[in-house]
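In the structure tokens that follow, a single protein chain appears in two forms: structure 1, then structure 2.
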Structure 1
């Protein structure tokens, strides 16, 4: 069992990490990779630069931490939405809104992490696990929709994978164009999938 002093140290470390994370988001959002300075992040977090280096040996390591924290946040929010006590169709809409809103808010951070080469250093297995979890979140909603009778019977795994690929495609296209306005593209995607998933009262259900 941890001693009182050890628990105090853990609480202090967690508080420092949260302050560093919040500060890093603010500083990174307004800096280039070359202009990003550890002392600026330390100052924004209210800690000494030496303290910051105790947690992260360089800005690339800090960027990796921030990038991973953001991905964990959006995945947790997606899971929360997937299990919300509302109809599947509404959850699908809420999930899209949350993903695109999150991407628009933090796109500068994600872009900087990508330009720094951090994304390329993430293990393939780690990337695949994140993708699998994301697809599973969509699949959970689709399965509920089928069970509710709100969606027609489909291969929920394949449909979720295609849906997620389409979301990633929109994110990449907007990044390429540089507008980061996902509103219309998100509405179009949701409309297409709602049409695809809509039960046809005049056609018998197929066994997918």
Structure 2
């Protein structure tokens, strides 16, 4: 078992992929989106175009990888925020800020999957799972809020789903108009849900 050289190879492999990921992200986030050339990514990564094909079967796979990585990043960040030791209402607000901030920086990347056609290649199940995780993160906060008594007893799944829908809608709308100013829409969203989740003063439920 050539464990050592094998591991060495893996390390190199990962380092290269990492470099390519960074380069691709830079190129994608950088400019226009129309015309994301493999050559540009290679140049940004400081390697030859042919080298890209040693790490990714083709352009689609490379973009798929970038897409996944970003999903992982934002999702793990979201989960971190969801578990932060602060009030549920505040966590909701923080998470929203994080998402909008991320979107403002990497909005081109959101188009990526769609425009490059790789969406069709991702299994439906995988996509559904990603969405479920996202909704689950919101739901987690909501349930915490209900448990804390900060929120009234609502159908947390449904509430999280609608909340998530609205978040995605806001991102999409801002992408459409081109101005990535989420403040007004974000405030509206938080305001409405705060109201919706407000505990009923005449029914002061203490959850155990």
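All values derive from a computational prediction rather than experimental measurement. Note that the rigid core is defined as the largest set of C-alphas that superpose within 1.5 Å between two forms. Positions refer to the first chain, counted from 1.
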Between structures 1 and 2, the form predicted alone is number 1
| said: So, superposing on the core, is the move of residue 41 at the CA at least 2 angstroms between the two structures? | reply: yes
2 Å or more on the CA of residue 52 between the two structures, with the rigid core superposed, yes or no? yes
